[in-house]
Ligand code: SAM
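Below you'll find only one chain, the form predicted alone, shown as structure tokens.
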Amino acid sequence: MEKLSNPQVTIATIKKYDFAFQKKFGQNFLIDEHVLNKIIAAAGVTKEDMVLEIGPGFGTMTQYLSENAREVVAVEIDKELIPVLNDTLSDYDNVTIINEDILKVDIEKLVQERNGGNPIKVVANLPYYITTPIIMGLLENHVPVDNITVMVQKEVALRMQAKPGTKDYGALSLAVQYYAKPYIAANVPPNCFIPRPNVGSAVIRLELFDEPPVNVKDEKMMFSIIRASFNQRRKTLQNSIVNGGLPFTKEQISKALGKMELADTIRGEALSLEQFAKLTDILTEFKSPD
């Protein structure tokens, strides 16, 4: 079969299966060979690798992954796409298709069974409505992953790699940068997809750290403080934490900021990951025992 990166082949496949795009699954299929090659290169896929692909669609990227990897496991939520994938990937004997919601797949078990517990590579053209839950699920569950290379909404990619004090900087920036080093590998215009999305996209590679770049005594508390700090961006960090229902008084927060030589009027968007870790450690010392 000809490659699906040829738009005519994709259009013919749509007609052959009378396929209707599902808005609820955020389906926008990539049809640009140049972008596909950039994704493979960014992910650094080799014949040694097992790749987990999330949302293969018609199998456009799966074809390229299969030619470059040892094995590809493609997880597709839409049951209507399974017969299409069985057809478009019939020439590739190193691909396994799983009809399941990626958020319900035991990826750890998959990695143990298929890759001896060694780190895998994750590649995906992610549905924009569920990008953050999928990425954070992979990061927070500490699945053995070397890197995650995904197509996301450009705005989300910018937020992932944003630095303190910028308009894109927020809780997502800090969460991603705690687990991985983000790098935007390519910007992708809407005309590279069928159907065309209403927004620009970007390919971002997240290279996972062996150890987080900062030490913090209570990781869960740090992320609670971070979320509270950005829930009300216009408020001071002090007021945001108090209003976030966390077990600290205004006086304790003021004292902690003073120890860090930061003003009471500072906002969350001004603090780096390292500063949030330090603030968490100081505040945790104040917290009264249960």
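Numbering starts at 1 and follows the sequence shown. None of the values given here were measured: they were computed from a predicted structure.
The same protein has a further form, the form predicted in complex with the ligand, not shown here; the description that follows concerns it.
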Worksheet item: With the ligand left out of view, which of 173, 125, 201, 88 would have a heavy atom within 4.5 Å of it in the model of the complex?
Response: 125
Worksheet entry | Interface residue in the model of the complex among 224, 28, 252, 63, criterion: non-hydrogen atom within 4.5 angstroms of the ligand | 28
Worksheet entry | Segment that reaches the ligand in the model of the complex - one of 94-102, 114-122, 211-219, 159-167, heavy atoms within 4.5 Å | 94-102
Worksheet item: So, in the model of the complex, is residue 81 in contact with the ligand at a 4.5 angstroms heavy atom limit?
Response: yes
Worksheet item: Does the 4.5 Å heavy atom contact test between residue 130 and the ligand in the model of the complex come out positive?
Response: yes
Worksheet entry | Contact test in the model of the complex: residue 75 vs the ligand, heavy atoms, 4.5 Å | yes
